[in-house]
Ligand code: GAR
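Take a look at this one chain, the form predicted on its own, written out in structure tokens.
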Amino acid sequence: MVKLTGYKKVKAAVFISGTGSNLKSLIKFSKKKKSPISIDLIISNNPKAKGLRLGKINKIKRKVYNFKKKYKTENQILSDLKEHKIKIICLAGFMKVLSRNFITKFRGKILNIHPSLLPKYKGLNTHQRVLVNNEKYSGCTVHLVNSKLDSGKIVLQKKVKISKNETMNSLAEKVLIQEHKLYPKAILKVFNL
């Protein structure tokens, strides 16, 4: 997986589109001594993403990109990642699909967290689909990103039991609590720590 050199933390970028609750847990994790990463850049496609405030509070550089011209935007992001010496990307509720060209440039170094037990329920509206299908369990998955949606190699998963009167909101909350614990563990696993 990713090799650590000496004791220096590897520079990471977190891509977000919304509230940034996973970003918050990753920032907390990055400040721990045992963490192999430091978060040096937050990237968003949404200027109103609440998670951008976390960057401001924690003095992390933030950049917002308009994805209307995807290819041009991605090249600009790649250039910014290079400038900031970013070695690993954590997608945390980033609601844009990155191109094959972008992914190839960071092959094996882009992680994503998804609110289902992949390979089941790829894509959007996962909690709704899980409940409609009367599943007994759901959960979350951290996986490496490849050019197919939510299909990369699974790093770690956490199962969540679905209770009798589960709603989309209650299931989303349950899964999110586990996401916050799982993402840091997955990062440690990627770095073989």
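All figures in this text were calculated on a predicted structure; none of them were measured in a lab. From 1 onward, residues are counted along the sequence shown.
The next section is about a form of this same protein that is not shown, the form predicted in complex with the named molecule.
*Asks:* Is there a heavy atom of residue 178 lying 4.5 Å or less from a heavy atom of the named molecule in the model of the complex?
*Replies:* Close contact is absent here: in the model of the complex, residue 178 is far from the named molecule, nothing within 4.5 Å, heavy atoms only.
*Asks:* Considering only heavy atoms, tell me if residue 19 and the named molecule come within 4.5 Å of each other in the model of the complex.
*Replies:* Flag for residue 19 set to yes.
*Asks:* Is residue 113 near the named molecule? Define near as a heavy atom within 4.5 Å, in the model of the complex.
*Replies:* Although the named molecule is absent here, residue 113 would touch it in the model of the complex, with heavy atoms inside 4.5 Å.
*Asks:* Check whether residue 95 has any heavy atom within 4.5 Å of a heavy atom of the named molecule in the model of the complex, and answer yes or no.
*Replies:* The answer is yes: residue 95 has a heavy atom within 4.5 Å of the named molecule.
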